[in-house]
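Quick setup: one chain, the form predicted alone, written in structure tokens, and binding and motion questions come after.
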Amino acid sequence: MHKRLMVALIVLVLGTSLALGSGYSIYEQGAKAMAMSGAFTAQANDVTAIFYNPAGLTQLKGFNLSVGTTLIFPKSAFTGPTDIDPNLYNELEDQTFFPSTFYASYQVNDQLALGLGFFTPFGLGTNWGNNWVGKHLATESDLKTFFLNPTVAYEVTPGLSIGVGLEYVIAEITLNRAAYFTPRDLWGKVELGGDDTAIGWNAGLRFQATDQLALGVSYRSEVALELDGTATFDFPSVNPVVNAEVAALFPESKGIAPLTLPSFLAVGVSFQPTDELTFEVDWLQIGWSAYDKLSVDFKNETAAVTDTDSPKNWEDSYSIRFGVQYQLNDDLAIRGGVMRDNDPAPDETLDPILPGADRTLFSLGLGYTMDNLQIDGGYMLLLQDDREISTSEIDWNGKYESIATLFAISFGYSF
């Protein structure tokens, strides 16, 4: 596949970096699980177990299909920068994202189940517009990842199941910012875009300790992308002399940089005190510490485009998730949840491409069963802590504020 992805070029040319934070990880991969704030590792009792814990597939009978989508409406603002105007308010343009899912599973026999999932665990983006005060750092970013995940699950002994899967990963990105040619006081823009593919894996374990108590562990590996991409520059035409100066300093630039999508590790405990009521608590770690530095090797260097090795020092992020389900009758279930999540980026490297911060999320949802058809819906409110930055290494101090609402729906059918 032709590779054009050049995420790391932003460090040098844009003065900042695209770094995936909690806001770029999408753990909402099924409406039922989302309604319980993603606390689903131990239950894993529908076909979305392919994402949350593949070992759970052994609970499903026959052939199962599910399709769904999540509508995400983020809002963010930045006040500052403090060295220009500490009261200057800059708001992200309205955007809507809709990562979607497809899952299928088949029970081969009482012990063996097969599954296939297609989903987007990393993505989203930002759009500050072309004329905001931070246009030299970022104007627009858009990241998409697509995971194709064949899976197999096996019940080793009654109540104890394991699952493993292979991930084929497709990544696509678009990044833009304004560029400035100082000698001629001339503004232009930088456009980056491209794609890459890679392989990863996942595994899970589920243990039904008693009729009331279940335990689950799930892991998704890091995915290493070797990015080979191109950056192009677009400046307005002035005259032949200036045009030649710009072309010499800002040529189309090709380069190579590694980027690692982080691992997921989830541990969950579910408890069912009555036939109608189920509780679950999960702990999730996302391995953002894999993003410790960003190295770029350019094939054609100029005074503006040179090789770099930039430390980032991201930390792993952790979240605690609590979910509950009440089975009102044979057809209708009511769900809810709450979670707390911490952001991996230190203040020194935070930038407008991803205005991340620690956050609290609340969720509600319903599930309705009609014969072999299952319809699940969920709502989530994401409240991100205000984040004051005063030690920015890119001289971009100020306050970030963010909020998001999410709506999910899934349709499942069992044969």
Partner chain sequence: MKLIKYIAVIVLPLMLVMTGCKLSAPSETKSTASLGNADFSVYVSIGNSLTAGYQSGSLVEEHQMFSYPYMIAKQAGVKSFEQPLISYPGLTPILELKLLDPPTIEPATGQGAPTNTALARPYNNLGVPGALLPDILLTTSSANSLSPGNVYFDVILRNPSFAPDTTILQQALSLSPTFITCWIGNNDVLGYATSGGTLPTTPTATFDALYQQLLGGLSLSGAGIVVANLPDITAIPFFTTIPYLVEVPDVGLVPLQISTASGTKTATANDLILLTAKSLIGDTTGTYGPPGVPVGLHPLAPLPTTVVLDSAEVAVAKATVADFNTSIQNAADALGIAVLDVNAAFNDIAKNGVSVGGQEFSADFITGGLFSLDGVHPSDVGYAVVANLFIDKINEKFNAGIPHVNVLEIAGRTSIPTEIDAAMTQEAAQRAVEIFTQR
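Positions refer to the first chain, counted from 1. Note that the coordinates shown come from a computational prediction; the quantities given were computed from them, not determined experimentally.
What follows is about the form predicted in complex with its partner chain, which we do not show.
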Open item on the list: Is S76 part of the interface with its partner chain in the model of the complex - any heavy atom within 4.5 Å?
Closed with: yes
Open item on the list: Can you tell me whether K293 touches its partner chain? I mean in the model of the complex, with a 4.5 angstroms heavy atom cut-off.
Closed with: no
TODO: Evaluate E91 for contact with its partner chain in the model of the complex, applying a 4.5 angstroms cut-off between non-hydrogen atoms, and reply yes or no.
DONE: yes
TODO: Determine whether any heavy atom of A257 comes within 4.5 Å of a heavy atom of its partner chain in the model of the complex, and answer yes or no.
DONE: no
Open item on the list: For the interface check, one of 237-245, 147-155, 275-283, 205-213 should have non-hydrogen atoms within 4.5 Å of its partner chain in the model of the complex; which one?
Closed with: 237-245
Open item on the list: Does its partner chain, in the model of the complex, lie within 4.5 angstroms of each residue among V108, A357 and I389, using heavy atoms as the measure?
Closed with: no
Task: Contact residue in the model of the complex, chosen from L71, L265, A104, I84 - any heavy atom within 4.5 Å of its partner chain - done: I84
- [ ] Select from the listed residues L166, A224, I334, L116 the one whose heavy atoms reach within 4.5 Å of its partner chain in the model of the complex.
- [x] I334
TODO: Between 369-383 and its partner chain in the model of the complex, list the residues on our side with a heavy atom within 4.5 Å.
DONE: Y379, L381
